[in-house]
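Coming up is one lone chain in structure tokens, specifically the form predicted on its own.
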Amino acid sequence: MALRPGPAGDRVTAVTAPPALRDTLCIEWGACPPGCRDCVEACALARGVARVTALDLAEVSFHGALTCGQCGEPACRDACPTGAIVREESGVVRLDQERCVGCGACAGACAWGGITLDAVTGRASKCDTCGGRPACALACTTGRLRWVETSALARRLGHPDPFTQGVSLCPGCAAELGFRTAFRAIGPDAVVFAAPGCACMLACGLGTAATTRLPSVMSLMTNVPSLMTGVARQLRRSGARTRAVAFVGDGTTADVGFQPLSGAAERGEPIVYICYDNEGYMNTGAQRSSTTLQGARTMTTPVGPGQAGKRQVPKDVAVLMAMHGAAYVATASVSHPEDFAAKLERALAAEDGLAYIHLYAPCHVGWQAPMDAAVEIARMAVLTRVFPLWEARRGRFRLTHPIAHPRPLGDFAGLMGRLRHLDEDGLRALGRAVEERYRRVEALCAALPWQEPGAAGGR
């Protein structure tokens, strides 16, 4: 963080540099097949000494792989008495073996076991990601160890975060992550619209304190698209290309505010509407909304004698919007930021009508999960088909992240308290609802396949 003089010279403004995104190795912790050594053998073949370690702990059913995580503040570097370890601008922590004296101080300092002392050479050894083409990732046939390229995402999120730090949203809030991601991709030429809900504090400030550099409008829950329509039309009359962008919750979108949204889609208003779906009215105590999953425990769908959570299946708002023939409709998840950013680009490019993005953003508080669990829950929801990721242009569909072999639904339900009461019958009922929604999207993709803009039949 840097401090810069304010416009009047008598104040200072805190400026936070956007976090750097690095390409990196990603290993699913403890998810490797028992006895697999493919990554270790590939690394040893490519580098002479394996820089990845296989862990097989059968007594605790743990099977995984371990390598250097390229720490931002590497303890191995600080412990090295010869300066043989440096952290490069690229984020790679590199070891100069010519300067290594084999003292082992680096291995002792690393709490993660990411650097080792090789008994044969008498020198330290660690992963340096093979210049961006790691042999271990190429050899892994299960996908548990893979190379994740974030450079494309960094280019898409090239704008500064327009919101201040230290807002009063809950620590670990997925909606805040989605909000900041969206407007780092959208940029400064936008007016942001909000409605009563958790995220309005980020858009419209707290009391007399502003929390964003963007012009923002606080709407009612019942008229967000109507208000956007007036502003967007006036901006067009004035010749401005400024986009009207809403970031509002599922209560506003699916329940009390759906009628004006439907009307704006039917009229083809050129606005961008993002619904962050945390499946409830979370800032008033976690009451159910019409997007809440079947079986979920909320304040208004309790678990007890005669009731086991919400009885109804969730309303599929995104499909309803696509059925309007809207210019662009998509689902996205906070766990897949590159997919979300790409869909934001397509939404902004759709200037001939309404663009709608349904962003799945689990609320760890209302879903009764640990503070750091929201992104993992979202990722598991995608892998179990609970959150199908797709997009549609003028009613033409395609899956953007097809899941051919879904993980067991219990892997998702077990991450949160709101579904933990479900017995086998309850999980089967939820599974049928999840599969029916996914199969419906698959059928739409087959019956009404996606057409690129400009293609024959596309618009």
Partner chain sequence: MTTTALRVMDGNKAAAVGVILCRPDLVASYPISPQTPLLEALYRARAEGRLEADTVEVEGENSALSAAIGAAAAGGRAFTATSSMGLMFMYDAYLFASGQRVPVVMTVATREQSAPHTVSSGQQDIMMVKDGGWVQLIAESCQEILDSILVAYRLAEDPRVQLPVNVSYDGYYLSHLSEPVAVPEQGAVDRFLAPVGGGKRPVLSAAAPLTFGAFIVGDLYAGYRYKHCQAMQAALDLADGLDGEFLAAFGREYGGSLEAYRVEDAEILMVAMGSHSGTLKVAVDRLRDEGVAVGLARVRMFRPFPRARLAALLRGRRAVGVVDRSVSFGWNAGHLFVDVKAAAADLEARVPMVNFIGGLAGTDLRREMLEAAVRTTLARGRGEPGPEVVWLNLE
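Numbering follows the first chain given and starts at 1. Every value quoted in this text rests on a predicted model; they were computed, and no experiment measured them.
The form predicted in complex with its partner chain exists for this protein as well; it is not shown, and the discussion that follows is about that form.
Relative to its partner chain in the predicted bound form, residues Cys36, Ala42 and Thr67 are all farther than 4.5 Å at every heavy atom. In plain terms, the part of the chain that comes close to its partner chain in the predicted bound form, with a heavy atom within 4.5 Å, is 198 to 206 out of 198 to 206, 369 to 377, 285 to 293, 152 to 160. When its partner chain is considered in the predicted bound form, only one residue from Pro171, Gly122, Gly143, Pro188 comes within 4.5 Å through any heavy atom, namely Pro188. Checking Thr300, Asn223, Gln312, Gln97 for any heavy atom within 4.5 Å of its partner chain in the predicted bound form turns up a single hit: Asn223. When its partner chain is considered in the predicted bound form, Arg180 lies well away from it, no heavy atom lying within 4.5 Å. Contact annotation for Gln234: at least one heavy atom lies within 4.5 Å of its partner chain in the predicted bound form.
In the predicted bound form, its partner chain sits within 4.5 Å of a heavy atom belonging to Thr229. Though the partner is left out of this view, Thr82 does not reach within 4.5 Å of its partner chain in the predicted bound form, counting heavy atoms only.
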